[in-house]
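Given next, in structure tokens, is a single chain: the form predicted on its own.
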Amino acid sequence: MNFHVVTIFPEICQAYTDASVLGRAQKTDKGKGAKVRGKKISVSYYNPRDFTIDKHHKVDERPYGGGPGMVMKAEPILKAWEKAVGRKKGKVKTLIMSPRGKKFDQPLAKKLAKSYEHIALISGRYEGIDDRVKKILKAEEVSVGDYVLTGGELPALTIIDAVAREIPGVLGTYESLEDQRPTSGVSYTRPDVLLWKGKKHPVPEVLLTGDQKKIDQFRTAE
């Protein structure tokens, strides 16, 4: 899976995607012996400012019809998108981060992971993006929640994280996917008895029995 992020703040996103699980998934694993495992995902960034022609690299203008704030110009974003996926072979999906878009959820994450090879994520700022970008690219607006953020970078990272987890090998094992195994969201680890401010807080006894059937029943009940 290849993610392509159009944003004027690539450094914000890259600090997250280069770390932990997503960072490892972008590296070639030489493994043991001569066996080499390829990258599971790639994440690339494209700054619209790099596709402007004025000396100030301006990417926003006042909105037609009046109103507060500024609107991101279409041409720098379209050029950045063209650089990212305009000539890519394979199935491409373009998403625009927007609070008015379709709600992003787990079924959509699974669908994106299964159906596409390239996902372009356009992160807006200010009062939004010139609507001609959506029309020209036939892009889909997506929202990660019923709230408004200062930019599209956090939603883009959320989508990358959720979709990447559905790519085989990114998490290492199939069982790591929470929606594929019994879980209540209630978790415990060592020690089995936690002493905190003079009071003992034990782990539920059933989790210490080793009886997986009873453990699964406990988690389902929880």
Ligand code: SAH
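Everything numeric here is computed off the predicted structure, so don't read it as measured data. All residue numbers are counted from 1 along the displayed sequence.
Form predicted together with ligand SAH: not shown, discussed below.
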Point to revise | 4.5 Å heavy atom contact, Gln106 to ligand SAH in the model of the complex | key: no
**Study point:** Partner proximity in the model of the complex: Ala113 to ligand SAH, non-hydrogen atom cutoff 4.5 Å
**Key:** no
Check your understanding: Taking 4.5 angstroms as the cut-off for heavy atoms, does Pro76 touch ligand SAH in the model of the complex?
Key -> no
Check your understanding: Taking 4.5 angstroms as the cut-off for heavy atoms, does Ser98 touch ligand SAH in the model of the complex?
Key -> yes
Check your understanding: Where, among 98-106, 132-140, 113-121, 79-87, do residues come within 4.5 Å of ligand SAH in the model of the complex by heavy atom distance?
Key -> 98-106
Exercise for review: Could you run down 137-158 and flag each residue that has a heavy atom within 4.5 Å of ligand SAH in the model of the complex?
Suggested key: Val142, Ser143, Val144, Gly145, Tyr147, Val148, Leu149, Thr150, Gly151, Gly152, Pro155
